[in-house]
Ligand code: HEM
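Just the one chain here, the form predicted alone, laid out as structure tokens.
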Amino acid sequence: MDLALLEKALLGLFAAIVLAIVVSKLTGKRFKLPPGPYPMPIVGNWLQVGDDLNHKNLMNMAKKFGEIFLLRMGVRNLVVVSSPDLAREVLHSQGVEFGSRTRNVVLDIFTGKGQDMVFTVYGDHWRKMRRIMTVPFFTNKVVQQNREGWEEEARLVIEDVKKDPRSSVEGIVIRKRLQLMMYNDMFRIMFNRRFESLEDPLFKKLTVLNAERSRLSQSFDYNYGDFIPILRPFMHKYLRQCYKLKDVRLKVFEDHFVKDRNRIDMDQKKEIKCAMDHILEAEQKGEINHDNVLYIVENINVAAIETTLWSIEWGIAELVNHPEIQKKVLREMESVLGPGVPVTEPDLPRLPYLQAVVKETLRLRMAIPLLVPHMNLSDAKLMGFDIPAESKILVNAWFLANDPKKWKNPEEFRPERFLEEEAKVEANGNDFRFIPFGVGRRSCPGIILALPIIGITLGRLVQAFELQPPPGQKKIDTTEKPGQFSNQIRTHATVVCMPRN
């Protein structure tokens, strides 16, 4: 194409967009919008605030613009709320109005445009998926049926770490072995199967595929194409990667896991043995289609496994950096259970200090600090401000739990706060200052699995080992690696595991 003609075409496109914006402002609805930085034409606030909309950057903006503010990110409205009262409005009081999910161009690929449960819009499909997933995954009965398996997996972690001669000398990246534990914890529930070792080819393949999915979906690098659709052609290579990865992952789920359960005729089964049996039964009854089945597996591989693993990893890092807290956890378990008696799931309610360590980990190192974004399908109101339809609503749950105006010395890792001034605060959202799993209709149902698995794992590790930084280091690095709405530890730490007598 002639360069002069191309230039004229781009200028014409630019002029048309500007004109459309001016006309819409003159003829459109008059909104009383939340405060925020003044937007530029077309790009809005994108060039002012950049792509990295992590929880700490949004906290700093809240200190400037207030507990509710609006960012115009190209064609998208992004509303950030940073107070317990506003969180209550979004998640509870107006839970229906703000109960949908906003997706983006990448998550649309990985979820089949909302054919899953986590990212679907609020409505009949979500209610059906939530009901079908709750019975086999998220009940006390599931916990009781599977807790001995979780305890066994934790025991095998201890055994394998003790067998590794490096673990007590230069240390090991214990996350690798804990990742196998988490996959086995969830695949026992989902498919009634487990992986034997870190060298299992299928386990290795799954972890690589799931890690790449997390990288592509949590990156801020693609925001420009999501905010400004006319720039999307520049994302062609990125989106091609996403489509290819999605196809490969779904094929692995289908060929190696779903088909294995599907081969067993439902009429020949004496009982449903795993979650996938229950889900396939729902498919046979016509309640969901086969794509929904695969996207349920997709959700569990990311939402259940990875987030719990991040929390365990953060908990270990804080215990390594606070040896006095390790000693208190050990003393409590020895006092309540007796020396050398491994902690089990039924023991957890009798171990308030261990539970406080779990809660403090979730408070200071929240794995999903902005929760999963919400959306209002229709025009709505918050604190007297108009919220235009299809706005992306971010609840800065991390800031709610780390606001120095509402917490005593929030920057400190101090489990005692949950036994003293915050003794009545639980992780289930009974206090809107602390909502690591969200609240209301779209809260994370995985809380019922995550809390005992984290408690059992941290407890067993402290019982078996004195957890230390590697030689030559006083502490391990706890630099954060935030994503679109995740918060991982940047460097998977090497930990020295000194066996206790």
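When you see a residue number, it is the position in the sequence shown, counting from 1. Remember, predicted model here, so these are calculated numbers, not experimental data.
Below, we turn to the form predicted together with this ligand, even though it does not appear here.
Contact with this ligand, judged by heavy atoms within 4.5 Å in the predicted bound form, is confined among 165-173, 122-130, 336-344, 204-212 to 122-130. Contact between residue 441 and this ligand in the predicted bound form is found at the 4.5 Å heavy atom cutoff. In the predicted bound form, this ligand lies farther than 4.5 Å from every heavy atom of residue 355. Although the partner is absent here, residue 445 sits close enough that one of its heavy atoms falls within 4.5 Å of this ligand in the predicted bound form. Within 4.5 Å of some heavy atom of this ligand in the predicted bound form lies at least one heavy atom of residue 436. Annotated contacts: 117, 362 and 450 all touch this ligand in the predicted bound form [non-hydrogen atom within 4.5 angstroms]. Note on the partner interface in the predicted bound form: the residue among 372, 419, 230, 348 having a heavy atom within 4.5 angstroms of this ligand is 372. This chain is displayed alone, yet in the predicted bound form one of 161, 401, 71, 186 has a heavy atom within 4.5 Å of this ligand; that residue is 186. Along 297-335, these residues reach a heavy atom to within 4.5 Å of this ligand in the predicted bound form: 300, 303, 304, 307, 308, 311.
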